[in-house]
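Before any questions on how it binds or moves, here is one chain, the form predicted alone, in C-alpha cells.
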Amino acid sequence: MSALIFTIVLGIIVLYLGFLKKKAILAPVAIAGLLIALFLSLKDWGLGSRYFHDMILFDNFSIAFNISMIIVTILIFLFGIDYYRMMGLHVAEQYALMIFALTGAFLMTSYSNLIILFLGIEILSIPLYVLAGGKKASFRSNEASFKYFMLGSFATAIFLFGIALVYGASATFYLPEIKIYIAQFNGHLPPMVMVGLLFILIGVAFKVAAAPFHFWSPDVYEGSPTIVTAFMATVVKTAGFAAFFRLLGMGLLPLPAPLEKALWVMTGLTLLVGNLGALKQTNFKRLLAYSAIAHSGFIMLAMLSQHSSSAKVLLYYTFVYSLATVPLFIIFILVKRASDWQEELVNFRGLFKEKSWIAVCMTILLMSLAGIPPSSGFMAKYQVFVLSISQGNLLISIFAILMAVIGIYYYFFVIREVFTESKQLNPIVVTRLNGALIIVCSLAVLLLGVFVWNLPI
C-alpha cells in the first residue's frame, strides 16, 4: 500500500515541477521516485496486507506484477529523456499522467472487490485517453484519442452494467462471495447473472485487446505518441491480464459452460485475428499492434488453463514480452528520425550497414517476440503450450502453435528489411542512454531465456 500512496504523491510532485519549469529534472525525479516505489513494493513481499475491509489485497501475486510494471515504466521513462528532449510543452503532464495510470494498474492487480477493479480501470484509462492525443497538431493523434475515448467509454459502460447486474443478484461486490454465489447454481445461472458476467468479461477483454474487442488497438497504437504506445503495449497489457486472471481465479471460476466456451472462442479468434492481421501490415506500429493482439491470445491460453503455475507463466510471459517491446519502440523512433518521420517497414532498410549492432539487437528482440530459441520469448510460449496441453486443451494448443508459426513470418519480414541494403543511408543518431537500453534489454531477453525464474506467487 505504501508503494501505491507514494506513486500518487510522485505524480503530484512531477506536476508541480512542470509548473515550476523544471523540465531538466522531470525524468530523474520520476525515475528516482519509481525506484523508491520499487523498494517499497519489495518490502511488502510475503506480508499479504489487506485494506479497506479486504477490498484491496497486496499479496505476492499483485506485488510481483507491480514490480514488473514499475521496472518497465522506468525503462520507458529512461527512453523519455531523449524522446521528450525535442518537446518544449506539456512534458511534466505526460510523465505525471503515466504515473497516475500506473497507480490505476496497481489497483487492477490488487483488488478483491469489483468496485476497486472499476476504479483501477478508470484511473488507468482516463490518463491514456489524454496521452493518446499528446500530439495536438497531429490529426492521427487526435483521432486515436477520440476513438480510444469513445470505445473505452462504451466498454466501461458495459462493464459497469455487468457489475450492477451481478450485484443485483448476489448483493455483493466481493469476489470470494460472488464465487460462492455462482457455485450454488452448479453452472445453471439465472439469466440476469449470466448476462452480467458476460458484460464484465467483455469490459476486461476490451482492455487487453482480445478479439472481437480489439478494433481500437491498431488505430490507437499508430496515432498515439510512440512513448505512449510503448506504455500501452507493455504496462497496460500487463495490468489488464493481471486483472483478468484475478477476476477469473478469485471470483468467477468455474464458469458456466456457455461463458467458458465464449472465452475459448475469444482466445482462438484473438490468435487468428492478431497473426493474420499482422501479415498485411506495412506500418511498423500497426504491425506491433496486431502482434500485441496475437500475444494476447497466447496469454489468454495460459490464463484459461487454470493450474497452480498459471500465474507464474502469466507473469513471465508479460515481463519478457515487455522487455522485448520497449527497445523495439526505441529503435523505431531512431529510424523514424532518420527517415523523415516515416513509419513504414521499408525505412529499416540499410539499418545493418548503418548501425550493425542495432540491427543485431533488433533481430534478437524480434526473435523473442516470434518465440525462437534461445530467447525468453521461446521459453514463454513453450511454458504456455506445456501448461495448456497438460490441462487437456489439445486442439486449441495445436491451433496456437500453428498461429505461432505464422507469426514467425511477419517478424522475419521486418528482419529481412533490416538486412536489406539501401541506396539512401541516412545517419542514425543514438544517444548513449538509448544505446545502453537497447543492449541491456537485448541481453536480458537472451539471459531470461536461459535462466527462467519461478516466483512463489
Partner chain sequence: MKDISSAIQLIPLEHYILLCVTLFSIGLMGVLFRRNTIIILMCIELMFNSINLLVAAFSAYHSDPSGQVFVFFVMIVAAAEVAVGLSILVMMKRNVDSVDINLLNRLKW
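Residue numbers count along the first chain shown, from 1. These numbers come from a predicted model, not from an experiment.
FYI, the form predicted together with the partner chain isn't displayed, but the following is about it.
Only one of Leu269, Met250, Val346, Ala164 lies close to the partner chain in the model of the complex, with a heavy atom inside 4.5 Å, and it is Ala164. Checking Val265, Leu160, Ile71, Ile180 for any heavy atom within 4.5 Å of the partner chain in the model of the complex turns up a single hit: Leu160. The partner is not drawn, yet in the model of the complex one stretch among 284-292, 331-339, 99-107, 78-86 has residues with heavy atoms inside 4.5 Å of the partner chain: 284-292.
At least one heavy atom of Gly168 is located within 4.5 Å of the partner chain in the model of the complex. In the model of the complex, the partner chain stays beyond 4.5 Å of every heavy atom belonging to Tyr316. The partner chain is not shown here, but in the model of the complex it comes within 4.5 Å of a heavy atom of Phe118. Of the heavy atoms in Gly223, some are within 4.5 Å of the partner chain in the model of the complex. Shown here without its partner, the chain carries Ile126, Phe146 and Thr156, all of which come within 4.5 Å of the partner chain in the model of the complex through at least one heavy atom. Residue Met192 is the sole member of 181-195 found to place a heavy atom within 4.5 Å of the partner chain in the model of the complex.
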